[in-house]
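As a starting point, one isolated chain is supplied in structure tokens, in the form predicted alone.
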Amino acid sequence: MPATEMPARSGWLQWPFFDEQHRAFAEHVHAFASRMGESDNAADWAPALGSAGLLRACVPKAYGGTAARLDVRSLCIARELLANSHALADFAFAMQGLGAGPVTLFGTPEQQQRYLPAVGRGTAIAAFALSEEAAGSDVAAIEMRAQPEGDEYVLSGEKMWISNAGLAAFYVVFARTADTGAKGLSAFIVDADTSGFEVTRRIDTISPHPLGALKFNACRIPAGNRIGAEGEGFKIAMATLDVFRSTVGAAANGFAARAMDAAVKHVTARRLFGQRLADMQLTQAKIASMATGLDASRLLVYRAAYAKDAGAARVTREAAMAKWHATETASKIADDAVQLFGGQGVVRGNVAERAYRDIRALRIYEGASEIQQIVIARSILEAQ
């Protein structure tokens, strides 16, 4: 159910991480979410977001965007407020940014002009094709090949767990151009109508999310579709995730806030043993834990976003902390909300039940929680 008023804990928008433009953008996102009905058709959302002007935050100003370069705080605000109302709206917004991210950050002017304006309008859906069956968190294990032949590359192999599979107009694909581990990967743009490319299957998940598998059978693309130089694919992928990883934490916060708001309303109205459920100390302990965890997650998310917007070359540690803490905490908040609802909490369609399912994948994609812990620890140990 769409939110009808700004989230109860929207005082976070007054934190010093934000300026008036961010607050105005938040009101714009909230107004969009409030007037939109529910839709489990993922293809509906990108055009709607584009028509509302929200996807302008996903591209630079030179190509129809709102800022000279990506403003990560705006991306996080949009994801939090969209997730607070519509899971698929958040997904569609996120994938326009992530899918086009390598083009935004590393593309040539010709590539950017060809793809980014349509991404910002929502008329072209983007996809980020990194993972394979045996290469998810271990990006250096990618096996898909890209063989140069004259002024073309021939792509052969398969991709797995790809968001927007079958919906996207173009895919940013990472493939191996040399047998040198992470240094042998390169990035390419593959249009959906390219001969030899196909979506082989759709993957059904616990929460509506268009995932699928891709196959490249001697798929020929122009050499001009390579992003960056040969061997820069790993750098391009990691730099893109460096920007967008904190936004995953923001989405988790949005889902968690929705579940918590619903739980607070429920315990205030529900009576048992002659008192409100809210009057019981164990209930109050859960509410305190939920609220504190949510604020801590927001602080980590917007610290990472602020640092990137302030000009930090990399925010790898900060983004990893934000994603890990926010997604794990959101799962706990959703679980506590289900518990506070009791039997109603496990009924399909209940706000807490929906959040419980929507949040779960966030602890896996764009780097599982375990990978975030390794990233954080290594950044500390390597500094010694």
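Start at 1 with the first residue shown and count on from there. Keep in mind that this is a model prediction, so the values were computed, not measured.
This next part talks about the form predicted in complex with a small molecule, which is not shown.
Trainee: Any of the heavy atoms of residue 197 lying within 4.5 Å of the small molecule in the predicted bound form?
Mentor: No - in the predicted bound form, heavy atoms of residue 197 and the small molecule never come within 4.5 Å of each other.
Trainee: Find out whether any non-hydrogen atom of residue 147 is located within 4.5 angstroms of the small molecule in the predicted bound form, and reply yes or no.
Mentor: Residue 147: no contact with the small molecule in the predicted bound form.
Trainee: Report whether the minimum heavy atom distance between residue 95 and the small molecule in the predicted bound form is within 4.5 Å.
Mentor: Looking in the predicted bound form, residue contacts with the small molecule include residue 95, since a heavy atom lies within 4.5 Å.
Trainee: Would residue 163 show up as a contact with the small molecule in the predicted bound form if we use heavy atoms at 4.5 Å?
Mentor: Because a heavy atom of residue 163 falls inside 4.5 Å of the small molecule in the predicted bound form, the answer is yes.
Trainee: If you check 177, 283, 131, 85 against the small molecule in the predicted bound form, which one has a heavy atom within 4.5 Å?
Mentor: Of the candidates 177, 283, 131, 85, 131 is the one lying within 4.5 Å of the small molecule in the predicted bound form.
Trainee: Find the only residue in 167, 287, 239, 189 having a heavy atom within 4.5 Å of the small molecule in the predicted bound form.
Mentor: By the 4.5 Å heavy-atom cutoff, the listed residue in contact is 239.
Trainee: Looking at the small molecule in the predicted bound form, do all three of 46, 53 and 124 come within 4.5 Å of it through at least one heavy atom?
Mentor: Spot residues vs the small molecule: no contact at all.
Trainee: Only one of these stretches, 349-357, 324-332, 311-319, 30-38, has heavy atoms within 4.5 Å of the small molecule in the predicted bound form; which one is it?
Mentor: The contacting stretch here is 311-319.
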